[in-house]
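One chain comes next, on its own, written as structure tokens: the form predicted alone.
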């Protein structure tokens, strides 16, 4: 296929979705094992504790993107992402919900907050994602967030997996995933509309596709790090 012509919206969306089909982290062996109920409690706690570092950085990258958006209409919509994660008051928001997931899995709150279980490779990958959004043009940074296109189906499955295969996790810990069932589709629709509107030449489209692939690689790298550090579920209670 020649790369000299503009992809139609349908072709562009198809290319973006193909990235998810080929590279989204639900294909990673660690994630497959989690959804098959094969992770030990220590391995699942390791995932929760390390993923928290990613979760707490989501509103930071969203604040960076927000600061670049030239349209107040887009800013009004984008700011909801920060509110979703930070909340409007103490005890609210996705970060707090993830801490409660850790507590429901018997990871003390202070161990989540002081990041003692966060692996260096996880920290490096997440920081790279935040810096990507800081340094890249804002439409390309928005494109990197489009993993939300693939998240709702996965999150829906994860709720059932945790309820059925990891019943030792107390059910109140699943609130984060339940909230994302309606937040992620809204965010994906807005992000996709921006990317379709702003990427109006083939070079921009290819950069957006590469940005989404980069984001998938970040999430994959988190699981690579966990696979190496916890091959048998050791070292985290």
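All figures in this text were calculated on a predicted structure; none of them were measured in a lab. Positions refer to the first chain, counted from 1.
Beyond the structure shown, there is the form predicted together with a further copy of the same chain, which is absent from this document and is the topic of what follows.
**Student:** Residue-level contact is defined here as any heavy atom of the residue lying within 4.5 Å of a further copy of the same chain in the predicted complex; does residue 67 satisfy this criterion?
**Tutor:** Yes, residue 67 lies within 4.5 Å of a further copy of the same chain in the predicted complex.
**Student:** With heavy atoms only and a cut-off of 4.5 Å, decide whether residue 173 touches a further copy of the same chain in the predicted complex.
**Tutor:** No, residue 173 is distant from the partner.
**Student:** Is there any non-hydrogen atom of residue 163 lying within 4.5 Å of a further copy of the same chain in the predicted complex?
**Tutor:** Residue 163: no contact with a further copy of the same chain in the predicted complex.
**Student:** With a cut-off of 4.5 Å between heavy atoms, is residue 159 one of the residues that contacts a further copy of the same chain in the predicted complex?
**Tutor:** No.
**Student:** Decide if the three candidate residues 33, 35 and 39 all line a further copy of the same chain in the predicted complex, where lining means a heavy atom within 4.5 Å.
**Tutor:** Negative, none of the three is within 4.5 Å.
**Student:** Which of these stretches, 136-144, 118-126, 79-87, 149-157, has heavy atoms within 4.5 Å of a further copy of the same chain in the predicted complex?
**Tutor:** Of the stretches listed, the one contacting the partner is 79-87.
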